[in-house]
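Take a look at this one chain, the form predicted alone, written out in structure tokens.
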């Protein structure tokens, strides 16, 4: 189930503000151009930031996410209905004959069990055309990003249009590798409401990801640095081969 940060209506409305400038999305647009992708599936599309940019480029786009509150925000960015929005996950997406499927941000790390990850890869595989590509990023475990998160305890307060001032705090709650859990706490200053969101990510290393892709019917074409976060992320480019 998606965390409250995505599924709670109040948190979905402020997600984009706290997510900041999405410089990471430029790399995905460039890869879509590089691969000549015309039909794109955005898995875990969230509030639709990438899906909208892909559609702006004239592509046919399907966005899927299990958090209805996030999809409501996404639909508001797409008033003419250019994008097909699906409430669900990769296992519920029909065969799309897609050229490209993407997972941005931490999406690839929210699948905590091997079975959930394998089912997700199979669902995407079925949605892709033969020879289509899956592109996603995952944090390098050796970089130990959670130590940075634990050290940065200062709250962030933003004035969110239509909502008012909101304070966000982040705390790491457990490190039991390969799992890292953390909590976001939001305080809405207008009425004093406090909403918390607990999340857990799984940190898979490069070999583990590569092995899982091969088992799922993919061939790893390339493993790249995330250009906006060198040394922190790995970007996998995999081709459906079976």
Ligand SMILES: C[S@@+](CC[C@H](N)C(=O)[O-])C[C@H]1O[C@@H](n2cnc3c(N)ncnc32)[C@H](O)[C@@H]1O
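Being a predicted model, the structure only gives us computed values, none of them experimental. Residue numbers count along the first chain shown, from 1.
Only in words, not in the display: the form predicted in complex with this ligand, which the text now covers.
- Considering this ligand in the predicted complex, the lone stretch of 147-155, 161-169, 109-117, 128-136 in range is 109-117 [heavy atom distance within 4.5 Å].
- Among heavy atoms of residue 217, none comes within 4.5 Å of this ligand in the predicted complex.
- Put simply, residue 6 is close to this ligand in the predicted complex: some heavy atom of it is within 4.5 Å.
- When this ligand is considered in the predicted complex, residue 66 lines it closely, a heavy atom lying within 4.5 Å.
- In the predicted complex, no heavy atom of residue 41 sits within 4.5 Å of this ligand.
- Residue in contact with this ligand in the predicted complex (any heavy atom within 4.5 Å), chosen from 10, 224, 22, 229: 22.
- Applying a 4.5 Å heavy atom cutoff to this ligand in the predicted complex picks out 89 as the lone residue from 75-94.
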